[in-house]
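Only one chain is included here, represented as structure tokens and corresponding to the form predicted on its own.
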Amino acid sequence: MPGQLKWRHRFQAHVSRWTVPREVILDLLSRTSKHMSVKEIYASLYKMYPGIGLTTVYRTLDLLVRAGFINRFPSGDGQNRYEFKSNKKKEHHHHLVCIKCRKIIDYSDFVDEELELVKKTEEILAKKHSFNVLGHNIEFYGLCEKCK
């Protein structure tokens, strides 16, 4: 519950209302290490909250991404995947995505080096395009050990 109070306070800085769908989606993603699709999130929540609609899940995920609570990234199959966004540097990671079996591997090798390069890139892009960069995703697509 203490985490939920922190989320609610942080969330209300972005939008005015804290709703049950927003809370349960954020709670679900914060408790799993899976990279879940919209349909997987919906199926997981529908069991306990049969009144939740697929449209609500889509809208809520979009809002949580914009508010900085979760990350969205393409998985190579035309679907986005979602994961809880940690503010802890040690949990920062990127993804290797298998284009055949859709396996997603989190990696944190070279994160410090990547972050240094990305920070420089963000600064240059921000200045050149007068753009406020709020985050980034790095995914590499290829074949996993099993599929190659």
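Remember, it's a predicted structure, so these values are computed and weren't measured experimentally. One-based numbering along the sequence shown.
Omitted from view is the form predicted in complex with another copy of the chain, to which the following refers.
Proximity to another copy of the chain in the predicted complex, defined as a heavy atom within 4.5 Å, singles out one entry of Glu122, Glu40, Asp27, Asp62, which is Glu122. Another copy of the chain in the predicted complex comes within 4.5 Å of no heavy atom belonging to Glu23. Another copy of the chain is not shown here, but in the predicted complex it comes within 4.5 Å of a heavy atom of Ile105. The shortest heavy atom separation between Arg17 and another copy of the chain in the predicted complex exceeds 4.5 Å. Proximity of Val118 to another copy of the chain in the predicted complex: non-hydrogen atoms within 4.5 Å are present. Of all the residues from 115-148, those having a non-hydrogen atom no more than 4.5 Å from another copy of the chain in the predicted complex are Leu117, Val118, Lys120, Thr121, Glu122, Ile124, Leu125, Lys128, His129, Ser130, Phe131, Asn132, Val133, Leu134, Gly135, His136, Asn137, Ile138, Glu139, Phe140, Tyr141, Gly142, Leu143, Cys144, Glu145, Lys148.
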